[in-house]
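Take a look at this single chain, the form predicted on its own, given in structure tokens.
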């Protein structure tokens, strides 16, 4: 069974990420959401922590080994500061981690080092599609084998930093299977909308609609090589990342509303002493810890190759989506009228929580 205590290296990383979340991400989060942009110096500082680099072996330019447990710990702590900032800092992992997980040896050596050995660069990925029945295992963007490569046709949504990206990992339906294709920004037929999407939240993270009209991809750029790859490890890692970030956002909302309730007085007593508020806080804390443990265990199973790891990653993501909405909604309730005012962070956390259920593909650990 996994340990509930981080090892020495994990603890050092968590302390560094925690300081960044508290001192940089949290102070910048509100203004970044209102202004629609995140300061580049904040993103660069987060990148310099080396969370992604520490998960990549030295053979590919990194300085560590991949650990799903370390990944969920780091993402939870960072999202405690700000979700949009966390996603922005970790955008290059959308490109690197799938290659590390299921790419061919040639792809790992060719595509990973240029990303992680440099300053932060917007390498990205495109998975999500505008569809009421969107299913990452039944995509409407299609790939067709033709000649010495593949032809991609379709449209993607919520592609972060698409206008600036040097390359993107595009997921498409090839003969009924979800497969990834490495597409450079210069590919003919690739079109990025000129304006960023306007969303309920995460406005500091620029996302775009991207269309593919007969985009030709060489055989060597199919993730895993000509034989392709299993998409399940990639999808499970995406789901675990979302679960971890949901725990971080929920923790932020819980702790803020708890501290507010301890200070706010009504009818001569602190509202935290009111039974209705105390019960709400207790249930919030219980649900956070339950999903946190489920996420940690699923990550541990991923690291150990357990047969039910993919199932547990799915359960963690589904449970986290419900949990973060409950916790953030109650945080708004506990603050009363103040919870509805944009000067207080709980309303932003509630909007962020609402989006987490739809953001599979925007984060991977």
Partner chain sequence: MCIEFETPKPIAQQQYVLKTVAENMMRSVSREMDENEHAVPYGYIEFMHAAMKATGAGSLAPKSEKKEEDLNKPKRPPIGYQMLAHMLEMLSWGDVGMYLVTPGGGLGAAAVEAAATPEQKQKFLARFGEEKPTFAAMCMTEPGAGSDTSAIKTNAYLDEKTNEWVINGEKIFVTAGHKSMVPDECFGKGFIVVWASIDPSAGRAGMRGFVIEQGTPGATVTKLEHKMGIRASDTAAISLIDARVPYDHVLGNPTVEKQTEKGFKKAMATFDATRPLVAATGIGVARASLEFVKEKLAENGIEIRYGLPRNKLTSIERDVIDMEIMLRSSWLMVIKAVWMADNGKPNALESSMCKVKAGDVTTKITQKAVELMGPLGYSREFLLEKWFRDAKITDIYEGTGQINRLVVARQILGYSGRELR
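Note that the coordinates shown come from a computational prediction; the quantities given were computed from them, not determined experimentally. Residue numbers count along the first chain shown, from 1.
One more form of this protein, predicted in complex with the partner chain, exists but is not displayed; see below.
A.B. asks: Only one of 145, 278, 118, 200 comes within 4.5 Å of the partner chain in the model of the complex by heavy atoms, so just point that one out.
C.D. replies: Contact check passes for 278.
A.B. asks: Which residue, 163, 219, 109, 270, is the contact with the partner chain in the model of the complex, using a 4.5 Å heavy atom cutoff?
C.D. replies: The residue in contact is 270.
A.B. asks: Looking in the model of the complex, is the partner chain within 4.5 angstroms of a heavy atom from every one of 167, 175 and 181?
C.D. replies: Judged in the model of the complex, none of 167, 175 and 181 sits within 4.5 Å of the partner chain.
A.B. asks: Within 4.5 Å, heavy atoms only, one stretch in 58-66, 313-321, 28-36, 44-52 touches the partner chain in the model of the complex. Which?
C.D. replies: Result of the contact check: 313-321.
A.B. asks: If we define contact as a non-hydrogen atom of the residue within 4.5 angstroms of the partner, is residue 95 a contact of the partner chain in the model of the complex?
C.D. replies: No - in the model of the complex, heavy atoms of residue 95 and the partner chain never come within 4.5 Å of each other.
A.B. asks: Give a yes/no on whether residue 286 approaches the partner chain to within 4.5 Å in the model of the complex, heavy atoms considered.
C.D. replies: Contact check for residue 286: yes, within 4.5 Å of the partner chain in the model of the complex.
A.B. asks: Is residue 227 one of the residues lying within 4.5 Å of the partner chain in the model of the complex, judged by heavy atom distances?
C.D. replies: Contact with the partner chain, no.
A.B. asks: Residue 251 versus the partner chain, in the model of the complex: is there a non-hydrogen atom within 4.5 Å?
C.D. replies: Answer no; every heavy atom of residue 251 is more than 4.5 Å from the partner chain in the model of the complex.
A.B. asks: Counting only non-hydrogen atoms and a 4.5 Å cut-off, give the residues of 286-304 close to the partner chain in the model of the complex.
C.D. replies: Contacts from 286-304: 286, 287, 289, 290, 291, 293, 294, 296, 297, 300.
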